[in-house]
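Okay, here we've got a single chain as structure tokens, the form predicted alone, with questions on binding and movement later.
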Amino acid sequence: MKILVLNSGSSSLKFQLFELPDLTVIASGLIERIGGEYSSVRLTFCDSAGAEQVIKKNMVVPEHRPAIAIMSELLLESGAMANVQELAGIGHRVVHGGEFFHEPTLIDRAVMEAIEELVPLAPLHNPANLIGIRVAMEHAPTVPQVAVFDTAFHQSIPEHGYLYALPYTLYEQHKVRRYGFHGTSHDYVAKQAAEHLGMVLGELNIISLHLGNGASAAAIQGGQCIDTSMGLTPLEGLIMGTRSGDLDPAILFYLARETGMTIDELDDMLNKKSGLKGICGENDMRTITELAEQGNHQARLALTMFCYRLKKYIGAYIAALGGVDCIVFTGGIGENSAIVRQLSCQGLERLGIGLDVENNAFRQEGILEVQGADSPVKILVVPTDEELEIATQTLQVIQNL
């Protein structure tokens, strides 16, 4: 039996197929630029001899319904799956679960209606997630399907941590509060860190830094999230690839008055034209690092600002936790950028955080420790695996049916 994990983005479909009982990956695929002039399709799988094979195609994929049909055809063509009856369950990443969902949930009509009700909080993501769920249920109506929510892990944040200092009626009537995102990743790497250190997760204070084009920090106490940097939406917090992160909200009023920018234009600017891209014109940290090394002032500024914001959050979360045992770097930037890790930890020695520059420059498969020999705080690079965590949580739900 197998478990299929679907991650439906606004213009992409990522999927992985796992073999039970060990949740071994047997196929993984990505369909990008759905709705564009041409879409790229890729499937990686192992053939009957155990050799890795790749199928690549460019084709027109107008929306998610044909994308899922293409995914099914690829899985059958590759031999990774014979038919949908092989599936013990399908796990879906759903970005926003609001206050409705605190854990992975078996999908039924009521669950789908609740996800749809939350569309105003995640207009780019929840609709795509819903399409993926609906089409998957049409293709495999007898297979249990499970929703795993990005926001669920952060539902343990206490009231004083998730509320904004706004009129309380806005929370009561419109549920304006901090929700947080990347929860599946923060949950996964915290558990991996505890296992690597041979310690009980319930006894650790962890600061998890998920750094990619989207970036967030989480303060994790005894396995429970007590604070996170993203808020009502994924715009708040750290500087990101194209998102501004924290800023004075009065800037928006000022720009509206002075430039005549509309709400939609301000929204577009903050989400798509700010962050690293806004500072230096690039949002890929690899390119920014190369330009900074070549002496490009704006690239160097973007890198410095990104790491300075990270450092501030590390300090704030040490205070919130009352001390930290372990800092975890994960995500595309967190796992691969030695300079980001170095600059983010630089100058924090008095807080017990000492990074070893040579260890930090080393690359290896799996978890890497980069703290110095005298550092009381462990600094780990932990590869995230959100799809594996979704598969694990999906399996737990269907085993309890």
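Fair warning: this is a prediction, and the values are worked out from it, not measured in the lab. Start at 1 and count along the sequence shown; that's the residue number.
Not on display, but discussed next: the form predicted together with adenosine monophosphate (AMP).
Contact annotation: of the candidates Gly35, Gly332, Pro66, Gly354, the single residue with a non-hydrogen atom within 4.5 angstroms of adenosine monophosphate (AMP) in the predicted complex is Gly332. Listed residues Gln298, Gln224, Asn213, Thr304 were compared with adenosine monophosphate (AMP) in the predicted complex; Asn213 is the one with a heavy atom within 4.5 Å.
Interface membership of Ser337, defined by any non-hydrogen atom within 4.5 Å of adenosine monophosphate (AMP) in the predicted complex, is confirmed.
In the predicted complex, Met285 approaches adenosine monophosphate (AMP) with a heavy atom inside 4.5 Å. Heavy atoms within 4.5 Å of adenosine monophosphate (AMP) in the predicted complex are found in one stretch of 158-166, 205-213, 245-253, 141-149, which is 205-213.
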